[in-house]
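In structure tokens, one chain follows: the form predicted on its own.
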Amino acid sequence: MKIAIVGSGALGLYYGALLQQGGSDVHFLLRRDYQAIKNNGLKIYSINGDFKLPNVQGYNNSEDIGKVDLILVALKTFSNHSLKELITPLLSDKTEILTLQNGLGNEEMLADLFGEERIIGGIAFLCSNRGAPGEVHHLGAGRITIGEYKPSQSKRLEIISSIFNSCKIDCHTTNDLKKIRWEKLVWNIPFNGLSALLMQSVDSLLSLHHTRSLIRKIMLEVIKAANAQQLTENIKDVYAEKMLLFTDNMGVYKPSMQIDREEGRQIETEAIFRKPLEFAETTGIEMPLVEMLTTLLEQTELGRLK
């Protein structure tokens, strides 16, 4: 299977590296790491063992990659306006598109551009950060869950999952893509949001009783909104405690949104915060804590980007 990685940040580089190490034909669309990876290869520093790929098929435009069987989209959502240009040269009649982007609305956008029958969505619980150019630091987790945007009788989810698992990527399938999207938001909204707003790592946020309590309350707001979205099965409130305990085990970890702010980059307020608020509003669910967090992020983003 010929695979293109569109969005070669910490997530795209990490999973692409595992796929290549496992024998898949992987092609990376690169931007700022292009020259470093072409010259020195790709280095992965992982809790599961470090490794280096001395030779990587890296490109700075999609046309040179050509048509592929699978496109893994890991681009930050504020760059979604570029996806038509980036993806179109990669498409054949049988190309499938798997988005592992955060937030809501990504599958819908891709379906409008390229046809809903191609689209697979997924979420990744991955703790990884960029290092020096051409380096990724994998700090924990890594599980992927994927589901079809338009359910079918196809075996493609099982095929993709089998390929990923053979490359040491813990990959599972689901028949409720909407539910796993909201489950990821239960973590993403409070931790990415508060870490970016306060510039504190997750262990620092959880060290204070009142902040931990606030995180739990935000999680419960997200769960309530999620359960109004006609999921096949409701998310139970106990899931909030599960996510808190999961985060306790991360140690000193900076979510990607905090790192983006530290390095002067834009953050994903629309897909991770505003879209869920819009979905909640359509079902009559209020999320006052999420609304306040979103507004503060937008206000500080406005001031920072001026």
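Whichever C-alpha set is largest while still superposing within 1.5 Å between the two forms counts as the rigid core. Numbering starts at 1 and follows the sequence shown. Please read these numbers as outputs of a predicted model, since none were measured by experiment.
Unshown form predicted together with a further copy of the same chain; subsequent notes refer to it.
Q: Check for me: heavy atom within 4.5 Å of a further copy of the same chain in the predicted bound form, for each of S204, L293 and L302, yes or no.
A: Spot residues vs a further copy of the same chain: full contact, yes.
Q: Are any of the heavy atoms in A228 no more than 4.5 Å from a heavy atom of a further copy of the same chain in the predicted bound form?
A: Output for A228 is no: heavy atoms all beyond 4.5 Å of a further copy of the same chain.
Q: Given that a further copy of the same chain is not shown alongside this chain, does T211 nevertheless sit within 4.5 Å of it in the predicted bound form, heavy atom to heavy atom?
A: Yes, T211 is a contact residue.
Q: Considering only heavy atoms, tell me if G23 and a further copy of the same chain come within 4.5 Å of each other in the predicted bound form.
A: Judged by the heavy-atom cut-off of 4.5 Å, G23 is well away from a further copy of the same chain in the predicted bound form.
Q: Do K275 and a further copy of the same chain come within 4.5 Å of each other in the predicted bound form, heavy atoms counted?
A: Close contact is absent here: in the predicted bound form, K275 is far from a further copy of the same chain, nothing within 4.5 Å, heavy atoms only.
Q: Can you say which of 119-127, 191-199, 96-104, 150-158 gets within 4.5 Å of a further copy of the same chain in the predicted bound form, counting heavy atoms only?
A: Contact-bearing stretch, as computed: 191-199.
Q: Would you kindly say which of K236, K84, K168, K217 lies with a heavy atom within 4.5 Å of a further copy of the same chain in the predicted bound form?
A: It is K217.
Q: Taking the rigid core as reference, does the Cα of S213 move 2 Å or more between this form and the one not shown?
A: Yes, because once the rigid core is superposed, the C-alpha of S213 moves 2 Å or more between this form and the one not shown.
Q: Once the two forms are fit on the core, has E286 moved its CA by at least 2 Å between this form and the one not shown?
A: Yes; E286 is a residue whose C-alpha shifts (by 2 Å or more) between this form and the one not shown when the cores are overlaid.
Q: Aligning on the core only, does the CA of G251 end up 2 angstroms or more away between this form and the one not shown?
A: Result for G251: yes, a 2 Å-plus shift.
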